[in-house]
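Only one chain comes next, encoded as structure tokens, the form predicted alone.
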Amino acid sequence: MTPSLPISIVRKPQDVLETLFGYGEFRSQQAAIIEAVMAGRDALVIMPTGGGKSLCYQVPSLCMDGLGIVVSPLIALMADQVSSLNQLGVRAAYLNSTQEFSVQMDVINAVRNGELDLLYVAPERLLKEQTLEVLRQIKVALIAVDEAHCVSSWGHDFRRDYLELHLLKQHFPNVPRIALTATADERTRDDIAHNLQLQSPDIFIDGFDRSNIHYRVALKDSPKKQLLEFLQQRKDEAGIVYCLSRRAVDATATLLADNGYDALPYHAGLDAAVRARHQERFLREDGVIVVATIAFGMGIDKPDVRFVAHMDLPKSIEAYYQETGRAGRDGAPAQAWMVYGLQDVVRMSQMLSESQADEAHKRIENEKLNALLGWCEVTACRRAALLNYFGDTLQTPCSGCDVCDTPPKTWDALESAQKFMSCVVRTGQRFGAGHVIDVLRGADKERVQQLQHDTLPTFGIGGDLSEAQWRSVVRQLIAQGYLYADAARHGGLRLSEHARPLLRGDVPLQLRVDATSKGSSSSKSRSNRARSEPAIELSELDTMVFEELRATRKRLADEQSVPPYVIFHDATLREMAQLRPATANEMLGLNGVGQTKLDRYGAAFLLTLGGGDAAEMAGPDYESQPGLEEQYGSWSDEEPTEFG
């Protein structure tokens, strides 16, 4: 199965970047990474989502002799990247379980005949003996392991299939390998290099800061109301809302639809055809919101997602970073919004306890959950704390998070913490926060009396704080590692080994004063409003032109059966609307416009702009190009991973 649009590949990375991808210069460390791989060295690349990881293996694959192999667990991402590459004329294909046998054989034959430059393949498919046998007979230029955190038990998305990828070193000893991920702290990075047996890899850490994302975290008060307040000014924006359960997904999607939003549910309980249809609408249409479990979004490369909202606490900082990273991939301002509560911690702990993972893995996951809770409770710059978790630094406060917008007040909570922990001990370290608070506040409740906890010395000594204030104390004590919810005892609170100095009063304790729900959920702060504006300021007339260009892009995308952003990103259209190129050469100077896309789509966009030489442009007529579905089957394979 050979793409019908082969191109004559030049051999210099800069020429490939300009001629094929339409960019004038490499970003950050991309050039150095490509140079290392082309020199035959292994590399480990940590680069934020949207930072350009794909070019780090796509460009050298197109410059070197042989086939570039890309290992990915994400079917949707394979299809998406192959679609984009085929639009550029690159000879790329993917191989996974969604394809019919005849299609798989076409791909294998194309590999044998040297008709492909890039092959995307799932790890378990790559390691099958019949696949390895074919690849050993050809020249392999490089092997890229994408989502490389999956190889580490310390990573947030560990996959056992990835553990066998160390065998690639034996099968292809002289082929450079490049491992790439957006989310890996220091011990995860060490684990990746060890488990993949990378040979003295060059390590490139490109920073973790997504400066275009504004972070906002609020306590759960009335979560549905809080979500509607957040979305109030986002009627026409594409976004993702994450919920922990299928029931919550369905309820939230219905809530948003009833309030005038184009919202669609997505979870494993829906029919596969429904999931595929909802994913397709999200990719192809503007202003669609998907309400989903975490099964949605892996491998989704939609650049113009303007917000990611979490209605429940994710399982780790890595998972949060990965999920929020699906917003603002085009570099334009985006929002990461989340509400959470103590009940989230208890529920996640119980889910972890009931999982089939071994005890070591459960311990790791529990550490990560506590680290995320601690991040939620920070009193200094939220972005700086997020970067610090990954070993990165921020020199000054970011002015791009809720903490910097409105710094929280703190209070001396030592005595209150001692009261609470003492009550936890006296009630046997087996009750949840609600019961301990009832005892502290002297509540006249039947359960307190039945257990004779109204006779304890700690009964009624906490009447100075409200129930909400005590819950804040509990949450922050857990976040700081003094307490933990014991999942084996149904979420009962226990003191950690670090609690003794605090009980003795040997260490001070400052806790944050929780903002009111109105203040915490408001999305109208000066900084937030500023970051909601487009990356390129457009005049009223420019905006009208931009919308006309988007309509042209939508028509072309429908004809080619691809998502609109595969034609051009919004950022390119904004630049086009502002500069209004009148000739092919002027259009070629725009970011994201290479020769192949100019030949294919330039005439249509110049015609929309009223350009003078649209009719004279050389190159194949875009309307004559075969659809990608005809070449490779549907691009919208909806299963998020190769795994069951």
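Small disclaimer: the values here were computed from a predicted structure and weren't measured. Position 1 is the first residue in the sequence shown; the rest follow in order.
In what follows, reference is made to the form predicted in complex with ligand ADP, a form of this protein that is not presented.
- Here the chain stands alone, but in the model of the complex its contact with ligand ADP, taken as any heavy atom within 4.5 Å, falls in 52 to 60 among 580 to 588, 52 to 60, 35 to 43, 601 to 609.
- Comment: ligand ADP is not present in this chain, but in the model of the complex one of Arg275, Arg382, His569, Lys368 has a heavy atom within 4.5 Å of it, namely His569.
- Interface residue remark: Arg189 is not counted as part of the site for ligand ADP in the model of the complex, having no heavy atom within 4.5 Å.
- Among heavy atoms of Arg306, none comes within 4.5 Å of ligand ADP in the model of the complex.
- Remark: Leu17 counts among the residues lining ligand ADP in the model of the complex, judged by a heavy atom distance of 4.5 Å or less.
- Ligand ADP is not drawn, but in the model of the complex it has no heavy atom within 4.5 Å of His453.
- Of all the residues from 12 to 36, those having a non-hydrogen atom no more than 4.5 Å from ligand ADP in the model of the complex are Leu17, Tyr23, Glu25, Phe26, Arg27, Gln30.
- Look at Glu575 and Gln232: in the model of the complex their Cα atoms come 3 Å or more closer than in this form.
- The pair His361 and Asp146 separates in the model of the complex: their C-alpha atoms are at least 3 Å more distant from each other than in the form depicted.
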